[in-house]
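Let's start with one chain on its own, the form predicted on its own, as structure tokens.
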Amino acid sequence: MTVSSAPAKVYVFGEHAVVYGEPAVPCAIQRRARVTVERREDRRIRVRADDLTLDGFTVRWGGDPDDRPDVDAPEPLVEAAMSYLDGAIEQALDAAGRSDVGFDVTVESDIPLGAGLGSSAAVVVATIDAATRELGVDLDARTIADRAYRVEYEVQDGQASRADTFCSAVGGAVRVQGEDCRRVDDPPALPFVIGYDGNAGDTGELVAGVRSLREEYGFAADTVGAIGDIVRSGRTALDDGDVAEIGRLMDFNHGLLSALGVSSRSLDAMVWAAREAGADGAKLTGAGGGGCVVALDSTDRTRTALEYTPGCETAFRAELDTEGVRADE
């Protein structure tokens, strides 16, 4: 039996624009998906995930349609999760050069799924690591990130970027632009506060909507480019440790994402509640349409304000997680 975990992430800047080759800066946070894998000799995949809320996944089972996997979870959760897990297992078997084994897989997570915190990336990264190590193969974090990206790319119909999977695999703050993925050296201590509305946006639909706008209107394409400009300015602010400037740029970033149609009433309400409570900055994180906002505030004011904001289901503080995928006990 082998256990691995991988962290969630928030975008400080750059979601959506990163799909078009612009830079993005996601940061790993101290919430994790934990995956336990045990080898089977009958080539079946048995998944236990009965403590998870899996809304927001779009998935399929890639095996024989008449021989569905044995899953200890309600049927809607099966339909919501299997493609990511299936793809992760396929990548692990390929990396190990094996096709003659199956696995018992148990997934546990304290990451709200489908909420913009990179839950699918964390599950895929942790699954690939645990399954390959169960077969006696140790992959480095960058290789795991690459294989996890392939899974997300396929499941999301070619509209994924490397940002989520790379950040979850290596941890810390990272800068991603196309194929260029690297960690940010010595990032400042960013006082993240997360607000969650309990909803999940449809990532594929939201990404397709931005693509349609970008193709139809030149100013929408310029908006995507402007998000990239924010990221480039934000990198300087990160290097300087200027949390106030990072917050101001986050505010700009949210405005541009809202103009591209990926915010929502609940996300906007949480963003404004955070700003009015004195946060240095606040924006949605992830695909949008519902889910989470991220704010910067070293005091308790923003979390308290979010907890009293209509439409906010929960709010919590999240520290930067400098560790990526890891072996757990």
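Since the structure is predicted, the reported quantities are computational estimates derived from the model, not experimental observations. Position 1 is the first residue in the sequence shown; the rest follow in order.
Another form, the form predicted together with a small molecule, is not on view; read the next lines as being about it.
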Interface stretch in the predicted bound form with the small molecule - options 109-117, 91-99, 240-248, 214-222, non-hydrogen atom within 4.5 Å: 109-117
230, 160, 193, 173 - the one with a heavy atom within 4.5 Å of the small molecule in the predicted bound form: 160
177, 132, 253, 203 - the one with a heavy atom within 4.5 Å of the small molecule in the predicted bound form: 203
Touches the small molecule in the predicted bound form: residue 258 (any heavy atom, 4.5 Å): no
Any non-hydrogen atom of residue 295 within 4.5 angstroms of the small molecule in the predicted bound form: no
Exercise: residue 19 in contact with the small molecule in the predicted bound form, heavy atom 4.5 Å: yes
Heavy atom of residue 287 within 4.5 Å of the small molecule in the predicted bound form: yes
